[in-house]
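The chain below stands alone and is given as structure tokens, in the form predicted alone.
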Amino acid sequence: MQKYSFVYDIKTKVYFGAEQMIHLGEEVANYGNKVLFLYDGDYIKKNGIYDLVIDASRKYNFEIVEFTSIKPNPRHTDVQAGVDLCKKEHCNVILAVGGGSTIDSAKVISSCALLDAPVWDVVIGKVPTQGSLPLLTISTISATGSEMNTGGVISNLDTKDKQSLRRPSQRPRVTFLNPEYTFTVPKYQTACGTVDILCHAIETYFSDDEPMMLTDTFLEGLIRTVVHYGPIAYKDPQNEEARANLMWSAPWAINDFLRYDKRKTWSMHPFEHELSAFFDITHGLGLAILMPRYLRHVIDEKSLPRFRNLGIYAFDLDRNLEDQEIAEKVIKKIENLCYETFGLESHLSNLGITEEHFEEIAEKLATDHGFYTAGYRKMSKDELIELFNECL
């Protein structure tokens, strides 16, 4: 197998900035005339997005069917209701306004609306997809980057599973990124969103592949941007420079550009998905608790050069320090960002979580002869249990 071999074909057209919202109506009309309009709260009626969509529908003559039953860690039952409504109303295009939960739900709806099968059967691969309805998005928070990638993550609380449906046809055709829409995002959600972006980038940076200097440099710059502007946006929510940089960082952390030269990237996200499937915690908060503990588990001779470059180029650490000290300082800076700057909870136990389900979670993750093998390094079931206990 060739060391460097990939295809990069992204089909998302991005409109960035407040003045670009004038193109919404024409873009929707390019793809259909009956829109399933997903949004996750009345805040879009206060910030002007709702009126913008209604006015565009009148000007460009498309019908709107509203669907608002989306919760954080979106449930497969709610997504199923969206599919049923989409089919009933014969919608031929989807417009999702909100954050990752709304956009992820819209992606799964876009695929399942073309099938006669239960949503969860499609998500777990029992029923193959047959394309997707065209999807357009307006992002209102900088976090998951779902506005420019192919994956939709939803939860089945009945089976305690959280799974991703990834299909090229689900990638949004058009996305609108207006930093002004994030000015009113609460501090807690700004913090959790920033941690999610940071974790996407760091998780990709620590991949078990031969790195390319270009993507490494891009990742180091992205991480540097996020740790610089996240605190500014947290303290000064209407700082346009900070909001714009976070909004552009979110999709680039996960729109595949940084991952095409890598085969094994994901560790922390699958671990957190299992935790939130069982305990229904905020995704970014779960990552904030998990990330420093996980990074300590992967410090070894192979990872120390990665920590060195990350510390020097993303966290401004002294290049004269020893590798081990740099690794420890990188992790300490992440802890300070999450727990001191953002004030996020640092322990699962303070959320009322116990070790009761840790063995079951580790068993689900360690499916390959008792090891989790998809991430930066193999982790045994016992090591996973140890990691989760460290998070208590």
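Throughout, we count residues from 1 along the sequence that is shown. Everything quoted here is computed from the prediction, not taken from an experiment.
Not on display, but discussed next: the form predicted in complex with a small molecule.
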In the predicted bound form, do Gly41, Ile141 and Tyr181 all put a heavy atom within 4.5 Å of the small molecule?
-> yes
Does the small molecule come within 4.5 Å of any heavy atom of Pro186 in the predicted bound form?
-> yes
Are any of the heavy atoms in Val93 no more than 4.5 Å from a heavy atom of the small molecule in the predicted bound form?
-> no
So in the predicted bound form, does Ser303 come within 4.5 Å of the small molecule, heavy atom to heavy atom?
-> no
Is there a non-hydrogen atom of Asn73 within 4.5 angstroms of a non-hydrogen atom of the small molecule in the predicted bound form?
-> yes
Choose from 76-84, 293-301, 144-152, 111-119 the stretch whose residues reach within 4.5 Å of the small molecule in the predicted bound form, heavy atoms counted.
-> 144-152
Between the options Gly230, Gly311, Pro251, Gly100, which residue brings a heavy atom to within 4.5 Å of the small molecule in the predicted bound form?
-> Gly100
